[in-house]
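Given next, in structure tokens, is a single chain: the form predicted alone.
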């Protein structure tokens, strides 16, 4: 079994970008990629790429770079992208239903196997190949299907109670799409993905570029 290295937090997001790019290159039949190729494609410096990949137990070859299939396998193993992750979506609103239908999740190893909601009017609706279930069914479903990941596509006011139920059901990781700060035990990984906050950061960046002389 591969020994997973402890990575600096800033390195992990870049490794995910390297993996996505290398997967694309492999699908196009590219056999070798250099640190400069990766840097140019992702707007980085080659020294940053080399330093990031120094945390990975895979060496390049002088004047050729890295073999794409080998590097892809190693990165996927480190990032956990080489296995199936059974996933449920909590919240059958527009966002939750769009996520449940999104085909890219399956391509990257995330099998959407359930959609849950507390609204009785939504229970029983079809979402692609899935049917919306009630929250009372969640604990048994997580256990029987061995679900590892929960995606919270609910209002902030409901996020913690939904997270608590998922954690009590045995979930291993949560993707939090709400604006709420979740409290979870150290044994459960939590990742925040906040679109509104990111859009506000984007508008700030746009404003700075429109006013370059601002202090």
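Numbering follows the first chain given and starts at 1. For clarity, every value in this text was computed on a predicted model and none was experimentally measured.
Heads up, the form predicted in complex with the DNA isn't pictured, but that's what we're talking about next.
The DNA is not drawn, but in the predicted complex it has no heavy atom within 4.5 Å of residue 17. The DNA in the predicted complex is approached by residue 64, whose closest heavy atom lies within 4.5 angstroms of it. Contact check for residue 48: a non-hydrogen atom falls within 4.5 Å of the DNA in the predicted complex. Contact annotation for residue 176: none of its heavy atoms lies within 4.5 Å of the DNA in the predicted complex. You can rule out all but one of 146-154, 39-47, 183-191, 165-173: in the predicted complex, only 39-47 has residues with a heavy atom within 4.5 Å of the DNA. Only one of 31, 59, 27, 161 comes within 4.5 Å of the DNA in the predicted complex through a heavy atom, and that residue is 59. Contacts with the DNA in the predicted complex, taken as any heavy atom within 4.5 Å, map within 7-25 to 8, 9, 10, 14.
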